[in-house]
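A single chain, nothing else alongside it, follows as structure tokens in the form predicted on its own.
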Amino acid sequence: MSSKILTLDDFDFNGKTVLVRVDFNSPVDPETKKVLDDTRIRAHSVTIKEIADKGGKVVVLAHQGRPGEPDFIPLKQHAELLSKALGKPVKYVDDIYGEKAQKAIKELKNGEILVLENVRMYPEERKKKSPEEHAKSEFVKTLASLADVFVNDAFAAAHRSHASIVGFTVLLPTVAGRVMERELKALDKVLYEAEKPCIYILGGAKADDSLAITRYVLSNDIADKVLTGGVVGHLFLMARDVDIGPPNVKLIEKMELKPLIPGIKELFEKFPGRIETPVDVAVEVDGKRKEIPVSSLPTEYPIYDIGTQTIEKYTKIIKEAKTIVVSGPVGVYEREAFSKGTKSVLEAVAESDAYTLVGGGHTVAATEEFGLADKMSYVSTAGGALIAYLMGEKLPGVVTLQKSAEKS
């Protein structure tokens, strides 16, 4: 890894009380409040099982949603889903660090697992403070006094300097869980050890990070080429002075992305031939897919996908690559008529001999929907943390792991 961190291999958990921060944040039905997908819970169950099997008393810290949002719910369901994933009982207490939580922790026996309540129900959890400031809070001091070690397995939340992510690292020995360890190894492989040619495929609707990622991976010679699609493709076409048509320009304006265009123009000038944009696009006319060459734009219709010529062009580049990172679908894959681009690109990536990393919520969902997840080298569970890491940012949750390793 780029910097040394300690892992589960570096600590004896037998008879120890272990605080494990995971990211159980899952899609929730806004009406029924039912958890719709347990992918993250199953992923973290590997770390939790290993610690329990090694005789640790496991205390799970996790969050779900944000205060005021429909998915901000207690973690009772998550504890039940974890129990199902592990095939063994999991305790749950509707308390974070009060008397009920303290009593439940003290009563734990070796190998038992307890899920505490949603840490974001603690008002100070999300305040941006330093690890040292968070360590002084009653929440962190109370739980740390009952534990022997802190395991951070929540890479997906590692970009946040929250109490449960960084606070315990000041007071307790800190190691990475298996999800954190795998994520960092996979990302370091594409950022620092990438076999060339290396390409990045950037798509999706969240295009606000696309300039920073492209600038970072090209300026640091990490990527040889960046392929664009989705709203990112719209934005980069506009930076090439292509009039993409009123509905598409309106979308870019509504998403407040126009200020990024001057920076993207600079990248085209600085890195000629290394940024690819669609050569044709698909729109909806009378309920059907219609493909239009970019040379024939503008269009009065919304652009929903890349076209066949772009698919062929991108597939050829993908076949020659040795390292591939995919962040974001290249079209509105949820609609069958406009799933062609995303499916074709992901199939080309899956069939490639390259090291392939796929990340971001919609990208992972599309990969799984098309039955391609098992054919990728690594599928990341992270969203914002993944993007931040790809942009070269220092993640608070990772920095504190590195500092803990230095102290040991």
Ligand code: 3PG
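This is a predicted model, so every value here is computed, not measured. One-based numbering along the sequence shown.
Unshown form predicted in complex with ligand 3PG; subsequent notes refer to it.
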Partner contact for T400 in the model of the complex: ligand 3PG, 4.5 angstroms, heavy atom: no
Exercise: H44 in contact with ligand 3PG in the model of the complex, heavy atom 4.5 Å: no
Exercise: K91 in contact with ligand 3PG in the model of the complex, heavy atom 4.5 Å: no
Partner proximity in the model of the complex: H362 to ligand 3PG, non-hydrogen atom cutoff 4.5 Å: no
Residue (of L82, A194, L75, A156) lying close to ligand 3PG in the model of the complex, criterion heavy atoms within 4.5 Å: A156
Answer option from R160, R178, K225, R215, heavy atom within 4.5 Å of ligand 3PG in the model of the complex: R160
Partner-facing stretch of 367-375, 45-53, 62-70, 341-349, counted where any non-hydrogen atom is within 4.5 angstroms of ligand 3PG in the model of the complex: 62-70
Neighbours of ligand 3PG in the model of the complex among 89-127 [non-hydrogen atom within 4.5 angstroms]: R120
